[in-house]
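Only one chain comes next, encoded as structure tokens, the form predicted alone.
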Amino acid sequence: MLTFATPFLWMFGSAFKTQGDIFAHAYPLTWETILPARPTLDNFASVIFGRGIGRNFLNNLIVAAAQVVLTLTVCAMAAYAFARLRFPGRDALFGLVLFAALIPFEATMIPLFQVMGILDLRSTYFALFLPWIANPLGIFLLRQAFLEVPRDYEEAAIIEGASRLQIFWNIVLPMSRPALITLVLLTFLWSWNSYLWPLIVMQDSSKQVIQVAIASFSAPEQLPSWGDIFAASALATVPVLTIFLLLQRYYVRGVAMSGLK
């Protein structure tokens, strides 16, 4: 636990230090290596008012929210079809979905970039989340959870005259809440921490995400402003830690329901 927490404590502590204090107590390790002896908010003021990191923070929120909502919608509908409906080629099609999860991003990066150009979506918010809403891992996770829902509920609803959409919305989704929340958590983390794809497809700095903005703090042949980097990194970490701490118990249950390891 201490090994896991130490880098985060050092990052948050250094965010409140001056450039000199960050390195003055780096070695040997003392309490001042982690905790600031003379805490200051100058780094936060610099990144918020000087570098305008708030705009990048808002961009992350917009992209992550859109990606979570659309991924949940697409994956849930696809998973329900694979888990509950019978149609020709269902198992083969599901096998292709699982195969797609094995393809590394580096192999699809250039084709995706070209497709975004053809659709005239480069440097738009859509380009940041649209390629990822049909998530193979999300479909697999929800399909496994939907298979655990007893068919007796579904058959009783059909006898009562419920439609497929009503069964999906009123029975299957509520009984799979831990898996849905797990997918929300994973999708938010994937979206929030994305770096390479936004760096490639987004040329408009006003729409760039916070991870790319932090990387731009370091200019060639100049000493990085480590105080600004630590402060911006601390701000970028707060939403991730918050949502993880709030949803971690659902995440464990969702993984258990889906059999995902």
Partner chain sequence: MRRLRDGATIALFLTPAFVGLGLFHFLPIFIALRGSLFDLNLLVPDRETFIGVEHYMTMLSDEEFRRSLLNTVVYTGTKLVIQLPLSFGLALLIETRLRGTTLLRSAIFAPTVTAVAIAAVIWGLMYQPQAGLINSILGAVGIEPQSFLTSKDQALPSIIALGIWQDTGLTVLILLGGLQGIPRDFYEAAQLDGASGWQAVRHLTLPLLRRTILFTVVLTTIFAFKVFAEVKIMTEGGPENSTLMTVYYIYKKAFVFLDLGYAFALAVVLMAILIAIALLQGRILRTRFEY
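Numbering follows the first chain given and starts at 1. For clarity, a rigid core is taken as the largest C-alpha set superposing within 1.5 Å between two forms. Note that the structure is a prediction, hence the values are computed from the model and not measured.
Although it is not shown, the form predicted together with its partner chain is what the next lines describe.
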| Which residue, Ala156, Ala134, Leu147, Met175, has a heavy atom that falls within 4.5 Å of its partner chain in the predicted bound form? | Ala134
| task | Answer with one of Ala45, Ile62, Ala215, Val69: the residue that has a non-hydrogen atom within 4.5 Å of its partner chain in the predicted bound form. | result | Ala215
| Does each of Thr6, Tyr27 and Ile200 have at least one heavy atom within 4.5 Å of its partner chain in the predicted bound form? | yes
| With a 4.5 Å heavy atom cut-off, would you call Tyr125 a contact of its partner chain in the predicted bound form? | no
| request: Indicate whether Asn170 is a 4.5 Å heavy atom neighbour of its partner chain in the predicted bound form. | output: no
| Can you check whether Leu183 is within 4.5 Å of its partner chain in the predicted bound form, heavy atom basis? | no
| message | Given that its partner chain is not shown alongside this chain, does Leu41 nevertheless sit within 4.5 Å of it in the predicted bound form, heavy atom to heavy atom? | response | no
| request: May I ask you to list the residues of 76-109 that have any heavy atom within 4.5 angstroms of its partner chain in the predicted bound form, in sequence order? | output: Met77, Ala78, Tyr80, Ala81, Phe82, Leu85, Arg86, Phe87, Leu93, Leu96, Val97, Phe99, Ala100, Leu102, Ile103, Pro104, Glu106, Ala107, Thr108, Met109
| query | Just checking, between this form and the one not shown and with the core aligned, does Ala26 shift 2 Å or more at the CA? | reply | yes
